[in-house]
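Before any questions on binding or motion, here is one chain by itself as structure tokens, the form predicted alone.
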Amino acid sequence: MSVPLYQAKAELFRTLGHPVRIRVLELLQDGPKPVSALLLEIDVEASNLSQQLAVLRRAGLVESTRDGASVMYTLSTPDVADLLAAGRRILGSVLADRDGLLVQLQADGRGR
């Protein structure tokens, strides 16, 4: 039996709910990278990065291939990069709205 679409979407967003996972996905937007390169860019222990990569792999957001002694990671689909871009746009809009509200509140002086 398959899960409802809303439940699958919730699971996807839960997967994205960790800063290391988001950073990995951001770094992979530029193309495939070995784990060693990811470790240089992300300030975590190798074991923590390995766990987060496993979560992303199980969710189908990244794919891994072995290249000699290295394991290379890549985004599973360009849609992942599109989702990150949408997140940035939404965040920018939300923060801009909050800043606008703050400016209005400060200009009013009474907080109404």
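Owing to the predicted nature of the structure, the values given are computational and were not obtained by experimental measurement. Residue positions are given as counts along the sequence shown, with the first one as 1.
What comes next is about the form predicted in complex with the DNA, which is not displayed.
Only one of I42, A85, V71, A59 comes within 4.5 Å of the DNA in the predicted complex through a heavy atom, and that residue is V71. H18 belongs to the set of residues with a heavy atom inside 4.5 Å of the DNA in the predicted complex.
Using a 4.5 Å cutoff between non-hydrogen atoms, Q29 does not count as a contact of the DNA in the predicted complex. In the predicted complex, A81 stays away from the DNA, with no heavy atom inside 4.5 Å.
With a 4.5 Å cutoff on heavy atoms, Q51 counts as touching the DNA in the predicted complex.
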